[in-house]
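First, one chain by itself in structure tokens, the form predicted alone.
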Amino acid sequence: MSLIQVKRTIRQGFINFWRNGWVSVATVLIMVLTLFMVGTLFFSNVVLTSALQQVESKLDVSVDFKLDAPEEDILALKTSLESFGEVGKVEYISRDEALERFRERYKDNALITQSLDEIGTNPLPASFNIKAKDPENYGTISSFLKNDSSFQIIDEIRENQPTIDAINSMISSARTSGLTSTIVLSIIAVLVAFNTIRLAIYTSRDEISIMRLVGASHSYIRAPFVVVGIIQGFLASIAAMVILWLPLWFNHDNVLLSFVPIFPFANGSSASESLGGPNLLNYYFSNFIFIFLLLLASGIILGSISSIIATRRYLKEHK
């Protein structure tokens, strides 16, 4: 296709877009909603991934030892754990240190401090807080402890693996829900754009007949309508970027996106306070080009697919 033909194609595409003004606007609005959901899904994934990382950083395996457990046996187990490949860090809290921490924590509670004084002995056990290199390894660490020869000095092992499994399941369900909503809206957008292009084709049916009579190829006839789809996707992506930016700009304290249906915060707490997530406004600007290209590509693909399907069907029906 020559440069002159390309210019004519683009010009005809803009003419077709403006000729069906309100229908084109309706199509762009539907595509904006779809791209908005794509952007929402993107930011939701950022927040959920950050939340999971924050939760994982707080997970550990806690081990309480029997009160009569010899300290040398406890330290020997600590050395054994530190040499275990899945273990990242082992914090040992002696009985005296546990008592000191307990007193400091409840120093303003006279009833508890008096009760400790009346007991006269230290009722708190020594313990380990064990961090794994990978959150998936906590079960392996627990099995290692249960099978170790020093297991008889252990009173209780508290695992947090069920917590991380539950959070993973919740996040997986949230992502699936968001993806399903996006797919449904994408189908609606394609159908609306399809009908818009069909209307544009019907309006230009005489021109198409003339082009076919003079031997124009199907690709040449189809090109202006594909341009219409690209224009719709381009405008929709710009509008979606603005709509995504607005809630972030109005919520300077980084409140989680109000349009994200996954983690609503009715009490108005910020995402950083509740989930330890990133500042989404800063994230938006630092990844502006990538997000815009993501929405632009999605919009152009939606518009182009609907245009190609509509023109192919029309040309097939009117051979």
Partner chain sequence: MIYFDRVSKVYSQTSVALEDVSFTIEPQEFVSVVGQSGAGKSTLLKLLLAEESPSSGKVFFESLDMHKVRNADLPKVRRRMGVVFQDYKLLPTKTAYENIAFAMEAAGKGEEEIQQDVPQVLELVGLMDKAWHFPSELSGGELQRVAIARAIVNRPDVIIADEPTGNLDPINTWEIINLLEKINELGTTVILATHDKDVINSLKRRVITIEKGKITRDEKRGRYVL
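Since the model is a prediction, treat every value here as computed from it, not as a measurement. Residue numbers count along the first chain shown, from 1.
Same protein, other form: the form predicted in complex with its partner chain, not shown, and the subject of what follows.
- Note on contacts: among T140, N195, N122, S217, the single residue with a heavy atom within 4.5 Å of its partner chain in the model of the complex is S217.
- This chain is displayed alone, yet in the model of the complex one of A166, L246, A110, L213 has a heavy atom within 4.5 Å of its partner chain; that residue is L213.
- In the model of the complex, at least one heavy atom of E207 sits within 4.5 Å of a heavy atom of its partner chain.
- In the model of the complex, at least one heavy atom of R8 sits within 4.5 Å of a heavy atom of its partner chain.
- In short, of 233-241, 143-151, 86-94, 218-226 it is 218-226 that has heavy atoms within 4.5 Å of its partner chain in the model of the complex.
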